[in-house]
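Just one chain follows, in the form predicted on its own, and it is written as structure tokens.
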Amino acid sequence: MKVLYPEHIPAFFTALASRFELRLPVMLSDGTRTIGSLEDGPIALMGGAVPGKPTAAFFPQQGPVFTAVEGAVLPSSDQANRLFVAGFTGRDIDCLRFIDRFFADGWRDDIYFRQRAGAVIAGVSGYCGPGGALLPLIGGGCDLEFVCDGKCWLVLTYSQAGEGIAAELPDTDAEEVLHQIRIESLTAANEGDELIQRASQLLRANRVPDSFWSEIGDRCISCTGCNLACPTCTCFGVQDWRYANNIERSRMWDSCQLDGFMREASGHNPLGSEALRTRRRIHHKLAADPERWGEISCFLCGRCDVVCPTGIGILAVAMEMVDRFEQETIR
């Protein structure tokens, strides 16, 4: 096992930046944290899940598809260096695994995998949550894991790439500390897991009436924050931009909460009300995706509940569904 001491963190990541395109949690000037580069602010591994969409490293809000110059179509360029992305929590790793499946299904999305292929993923766990709270151990699904023991970072490796990155770090004999963190991780309450399963069962049994979605939809202001923060939201639109000497086709994130999301050329809109759009957002994650993928596509990262100004994040809505309709189902 390796160890990374706090005073060595800047030098460690600066050295990595010479070999990788680096993305990691940094502190912005306004005091918020985001996934960025070393130039964006000081490194901020502590604090738990970064508020923004961590999977944006591979599926950015706007990204080029191709450029057309004098009739010749040029594909978007590859990264000069492989990506190294740090700061994923255990739930974020689950989200990344899911969208890897999504973009590989059917027609493999070469734009996504151009970023994703060869990328090195580093997770964070241990006593590095808000206020030093425990983030459960990840235990795999990434290349290496930084485990905060309260004083320093224990470094666990799960791949050759991870071993190579951690090779020059000093060894440590901290098995007892790691064992204690592992025990606490196993006994930590997975808040919301059972609740989201119960809400999924209600939806799949068609036990939630349309009137409920009208109530929830009336509270939606179409800010799209839920979609912009969600690591497993994958909808996008395509736009062409004309410049003096070329045309660039880009894809940009779309939101199922916007009125024009499914509007057809005829003017018909299958999601023409806030109630239908809000139902679609929740139903997609909790009912449609389990049918298609065999698993709920909300992994309870909590971002939509944090960002929603009117209190209709997915966990909050699931709680309302269970409170109001589960007893009716039992009866």
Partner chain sequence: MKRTLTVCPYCGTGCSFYLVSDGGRLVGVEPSTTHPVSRGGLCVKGWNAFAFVHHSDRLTTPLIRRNGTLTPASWDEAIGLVVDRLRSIQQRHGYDSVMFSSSAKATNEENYLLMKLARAVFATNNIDHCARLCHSSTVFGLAETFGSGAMTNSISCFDQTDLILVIGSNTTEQHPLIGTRILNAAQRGAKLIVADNRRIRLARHADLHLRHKNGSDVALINGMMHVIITEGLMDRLFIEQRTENYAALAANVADWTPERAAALTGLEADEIVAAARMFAAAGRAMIVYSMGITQHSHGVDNVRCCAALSLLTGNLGRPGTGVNPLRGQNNVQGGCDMGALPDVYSGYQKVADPLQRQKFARAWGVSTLPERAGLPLTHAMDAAASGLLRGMFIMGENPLLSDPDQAHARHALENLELLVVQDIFLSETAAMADVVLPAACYAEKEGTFTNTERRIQRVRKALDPPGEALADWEIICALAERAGYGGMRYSGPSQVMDEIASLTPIYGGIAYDRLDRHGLQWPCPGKSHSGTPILHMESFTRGLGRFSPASYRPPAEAVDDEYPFVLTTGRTYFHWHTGTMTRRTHLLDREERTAFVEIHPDDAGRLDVRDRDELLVASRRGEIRVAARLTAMVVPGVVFIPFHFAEGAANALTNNVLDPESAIPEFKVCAVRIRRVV
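Residue numbers count along the first chain shown, from 1. Please read these numbers as outputs of a predicted model, since none were measured by experiment.
Absent from the display: the form predicted together with the partner chain. The rest refers to it.
Quick one: does Leu28 come within 4.5 Å of the partner chain in the predicted complex, counting heavy atoms only?
Yes.
Using 4.5 Å between non-hydrogen atoms, is Asp218 touching the partner chain in the predicted complex?
Answer yes; at least one heavy atom of Asp218 falls within 4.5 Å of the partner chain in the predicted complex.
Wondering, does Thr34 line up within 4.5 Å of the partner chain in the predicted complex on heavy atoms?
Heavy-atom contact with the partner chain at 4.5 Å: present for Thr34.
Any of the heavy atoms of Phe212 lying within 4.5 Å of the partner chain in the predicted complex?
No, no contact at 4.5 Å.
Out of the stretches listed (144 to 152, 131 to 139, 178 to 186, 223 to 231), which one is close to the partner chain in the predicted complex, meaning heavy atoms within 4.5 Å?
Heavy-atom contact with the partner occurs in 223 to 231.
Tell me, which of Asn245, Gln239, Gln160, Asn190 has a heavy atom within 4.5 angstroms of the partner chain in the predicted complex?
The residue from Asn245, Gln239, Gln160, Asn190 that makes the contact is Gln239.
Output the sequence-ordered list of residues from 284 to 317 with at least one heavy atom within 4.5 Å of the partner chain in the predicted complex.
Result: Val307, Pro309, Thr310.
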